[in-house]
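Take a look at this single chain, the form predicted alone, given in structure tokens.
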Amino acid sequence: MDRALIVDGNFRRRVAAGELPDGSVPLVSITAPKAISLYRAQCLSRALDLTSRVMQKNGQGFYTIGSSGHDGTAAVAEALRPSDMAFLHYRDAAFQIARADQVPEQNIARDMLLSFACSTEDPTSGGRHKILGSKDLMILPQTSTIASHLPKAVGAAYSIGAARRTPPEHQQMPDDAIVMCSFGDASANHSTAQGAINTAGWNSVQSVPLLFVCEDNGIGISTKTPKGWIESSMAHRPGIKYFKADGLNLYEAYAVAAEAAQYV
């Protein structure tokens, strides 16, 4: 069995056995129906992971990037608005699925399957690349090139602040819109990421409404990240406020993401 099937088998076994997290009601403003909707987005992300691998084995798909373990980004999507531009880590399918629930007339499962198949009907890449992204969802398409999207996110956020100072001829985003950019803990050490983070902090005095989301699972491909490294290296940067949440706790992830988005 491959790793994806092992993860899926463990998940099904624990759900069937009732090995679930604490069911106490958390004190955050997220309703039970909304929590179920986010859980559904997480499950759909896992199902698409498995389907993409079947498609690849059958010669129907040509490129897979699993999103298992990054499912908590569904909560981040809920904490933001569809008008907040997003630059996503290439494993954040759960974010895109959850955001699709916020926008009418979306068929996100079909769109993502078209991407897996490299179909010319794929609304994002036209069959050129398996990719996350959607014009309707304000998710700019990115490739899996490590950390390459962080400088672009800084530029987009800077443009919102610049538009406030000098209104442009065309403006599609609200004045209070923010930009969200997610990446992994290993990517944080890339020189491209460090340059973008430093630029965001340096420019923050001029208004750079940018929310960086570092998804720290303690490993980058096959290299472990030192425990606590992300917090210690990010918590005291000038111009940047640090927030910390448990990505495995849907309610905590939502509450902290909402607090961070409000701050931005």
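Since we're looking at a predicted model, the values are computed, not measured. Heads up: residue numbers just count along the shown sequence, starting at 1.
Form predicted in complex with a small molecule: not shown, discussed below.
- In terms of contact with the small molecule in the model of the complex, the residue from S144, N107, S119, S83 that brings a heavy atom within 4.5 Å is S144.
- Shown without its partner, this chain lists L113, A186, A177, L140 as candidates; in the model of the complex, only A186 has a non-hydrogen atom within 4.5 angstroms of the small molecule.
- Across the options 28-36, 220-228, 202-210, 42-50, residues that bring heavy atoms within 4.5 Å of the small molecule in the model of the complex belong to 220-228.
- Of the heavy atoms in Y158, none are within 4.5 Å of the small molecule in the model of the complex.
- In the model of the complex, at least one heavy atom of H89 sits within 4.5 Å of the small molecule.
- Using a 4.5 angstroms threshold between heavy atoms, H129 stays clear of the small molecule in the model of the complex.
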